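The chain below stands alone and is given as structure tokens, in the form predicted alone.
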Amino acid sequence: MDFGLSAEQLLLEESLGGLLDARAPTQRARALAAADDAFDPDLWQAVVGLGVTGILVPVEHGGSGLGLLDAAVAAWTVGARATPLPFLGTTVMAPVALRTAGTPEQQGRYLPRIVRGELRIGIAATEAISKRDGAGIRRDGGVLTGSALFVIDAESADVFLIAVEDGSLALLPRDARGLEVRRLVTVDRTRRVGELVLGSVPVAEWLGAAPDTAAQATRRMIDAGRLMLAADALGAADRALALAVEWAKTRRQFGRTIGSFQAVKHLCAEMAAAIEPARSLLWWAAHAFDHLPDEAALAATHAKAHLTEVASQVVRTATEVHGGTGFTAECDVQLFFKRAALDRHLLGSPALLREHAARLQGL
């Protein structure tokens, strides 16, 4: 079987990568990571102009009507540059949920605004996977109370899509009465997550007309989110390997480049050997999301668990290749080390995901 990226997908990677290299080089990513607000509206509009925000939006709503594999290519490209973008929630998870459970009126109202970059949606779904004591959003009639942690794209969101304990999905504007948005500080400053605290917040809008469709939408958007995190981790691993190889070719010790030492060659070869089969797993799992519905959830679970473990291994080894400088803030590899660390834990750690995979297989 000849399975790889199409010419159009490779063109997407080239076009988006070229834009990000020009508009958001590493120095810009560092500056945004150090700022109070990591959202860059000019960069976001440039990405919108390239059509990235419409990848998963149907053509009738102004999007490209492409598949999750195309979105994974975009996530891989963003991850390889550690670009601060509200990509995961707004561009992927929200459109998947709206396409799965949204009414025609909701799709017509939200999806075109996502495509035009006028609307950014934060996703509060962590408690649908696992939750800390006391966390979780509870529903009493049309009122929500509780808290949600690790809300994706919380910092720049205009609207929040919230997974409620009873399986429903609520849509809340950022300025809803009784809703407080708090910042959560993580190791990765290029992406910001937050905490929502709801003190008896009345909900004017629920996603979908039936609870079963909302529950299906929650599962689908979480699977899509896991695949995007796996793709982001692949990008971080690719870039960390490239940085390590470049360092090994230029850094000199004992009168020769360190890349000439067999031990360093082995480290770089082991990183490449770990990445390539993981890449194939990701592309297949993203393809399965749209074309193999019976295998999609299991594929997404395994892909996220494996890719984030591989990325953790690769960024750690790349840091070792850099030696003492690899641990410093001045070394670019630390950006991707931190990126992979957040990818590993958002929407489920590898251990939790393998437990979920076992349940999916009836084990």
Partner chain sequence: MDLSYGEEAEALRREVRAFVEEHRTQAPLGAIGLGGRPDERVRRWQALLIERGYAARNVPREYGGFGAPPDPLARIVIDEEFARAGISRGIGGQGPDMLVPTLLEHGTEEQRRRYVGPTLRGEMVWCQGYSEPEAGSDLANVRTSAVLEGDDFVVTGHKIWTTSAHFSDMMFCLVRTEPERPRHAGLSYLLIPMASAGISVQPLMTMTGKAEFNQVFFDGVRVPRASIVGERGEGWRIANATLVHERNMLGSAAQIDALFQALLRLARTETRDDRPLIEDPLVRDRLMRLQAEVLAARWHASRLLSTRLRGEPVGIAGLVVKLTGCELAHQISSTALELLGEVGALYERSPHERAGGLWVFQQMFSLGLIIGGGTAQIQKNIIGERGLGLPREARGDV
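Nothing here was measured: the structure is a model prediction, and the numbers come from that model. Positions refer to the first chain, counted from 1.
If you look for the form predicted together with its partner chain, you will not find it shown, but the lines that follow are about it.
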query	finding
Residue stretch of 213-221, 286-294, 146-154, 100-108 approaching its partner chain in the model of the complex, non-hydrogen atom distance within 4.5 Å	146-154
Complete contact of Val185, Ala263 and Leu347 with its partner chain in the model of the complex (any heavy atom, 4.5 Å)	yes
Heavy atom of Ser280 within 4.5 Å of its partner chain in the model of the complex	no
4.5 angstroms heavy atom contact with its partner chain in the model of the complex for Thr77	no
Its partner chain contact at Glu330 in the model of the complex, heavy atom, 4.5 Å	yes
Interface membership of Ala242, its partner chain in the model of the complex, 4.5 Å heavy atom rule	no
Candidate from Lys131, Arg113, Arg139, Arg174 lying within 4.5 Å of its partner chain in the model of the complex - any heavy atom	Lys131
